[in-house]
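Consider the single chain below, provided in structure tokens and representing the form predicted alone.
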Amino acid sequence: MSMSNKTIKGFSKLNKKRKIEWIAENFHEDPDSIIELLASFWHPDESQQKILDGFSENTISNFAMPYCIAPNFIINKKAYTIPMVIEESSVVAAASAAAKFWMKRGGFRATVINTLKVGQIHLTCDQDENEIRKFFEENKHKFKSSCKELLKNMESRGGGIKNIGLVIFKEENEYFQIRMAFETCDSMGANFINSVLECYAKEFIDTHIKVYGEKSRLQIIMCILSNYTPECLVRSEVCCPIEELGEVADLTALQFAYKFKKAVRIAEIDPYRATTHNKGIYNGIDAVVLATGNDFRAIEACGHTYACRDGHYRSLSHCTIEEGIFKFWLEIPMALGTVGGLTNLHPLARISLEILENPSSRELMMITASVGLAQNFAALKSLISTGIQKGHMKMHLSNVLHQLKATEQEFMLAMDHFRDKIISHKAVRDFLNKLRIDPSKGSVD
């Protein structure tokens, strides 16, 4: 296949059928089969597919992800059934197991600490720092007034600009920024924030030109919200007397509690462990964020930045044992919305919010943080007792059997055969091959 066949001009202007044909003709040995496969994932309702196509650019099909349910979450004494979108096989099982474990021990207690989001106007100017500060302080509320039409609806709901400040960076000559704190109520608010920032910046530069005339050498570099929202913070925790933890595998409740605490402490001091530890937290968080039509990339970027806010990447969760009480918690920044964007457009996102009984953005923050904590608890519980591979490999076996097109009977026999054996793709394939040669055996040793 020549290089010229793999490049194309005006791809976005092609209709969907021609896009698919070009992909099939240039990147697949059997074009008809790839066209059929891509079409098989289209939504059968044409109007729904049009909505899905509109979410992105150059859409040719839908990428299916498992839409799952984790029941039995008790959060602030209320029962929740949690929708989760994730392809990692053990995550939903682990979250459900942790929910069931803590359901009998008071459940999760969650609270929203704050919900402020951040927007930034980045500027350059060769003026003296004191002169810039003086100009800003004398005019900052005038600039805000220029945005009143954009702010009106949000302010009527209790939101809007909550704080405006000037930040001077010593590390970069002639650079400063205007940093704003926003309350966006139940919306994530990205478009609202960016629109206000651009409006404010225009008034800022227009006024600067009026005041300084030809001496004004102010330049706007960019206006954009920040996905780092350390003041949009939620906390979730579980706690109980140590003895109520019960025996876990071969560990007494006391042994389990102290071993668990040590595992969390390791993640607080070692960034290699902290990375995997926090990834486990986001296994749960991302799954809920995806299911509700929110931006999991922004949520993760913010959380990982928060994890190294003191200059050292650390665990997002923490554990204490004091006066016989085991406590496990996390505090995590999380800017979520329940109105606007995909939350209203995506059919399954709407269903997810209905299953969660139409929470506010604050309630969704508490739900999502609690699922992250549950996921982290389940992973650590396995790691310090039976080991992580027992559950993982069981699910891996299921995936391999599906890949090898095992029948229901073969599935059951394989599950029984590998109960106490090392699982590998080759071992499973050999087992099935032998079984298919002589199915009357019923099992193969």
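Note that residue numbering follows the sequence shown and begins at 1. Fair warning: this is a prediction, and the values are worked out from it, not measured in the lab.
The protein also exists as the form predicted together with a small molecule; that form is not presented, and the subsequent description refers to it.
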Quiz item: Looking at 274-282, 231-239, 169-177, 118-126, which one sits within 4.5 Å of the small molecule in the model of the complex if you count heavy atoms only?
Solution: 274-282
Quiz item: What is the one choice in Glu357, Glu247, Glu155, Glu88 with a heavy atom within 4.5 Å of the small molecule in the model of the complex?
Solution: Glu88
Exercise. Check each of Ala70, Ala379, Ala414, Ala406 and return the one that places a heavy atom within 4.5 angstroms of the small molecule in the model of the complex.
Key: Ala379
Self-check item: Leu383, heavy atom within 4.5 angstroms of the small molecule in the model of the complex
Solution: yes
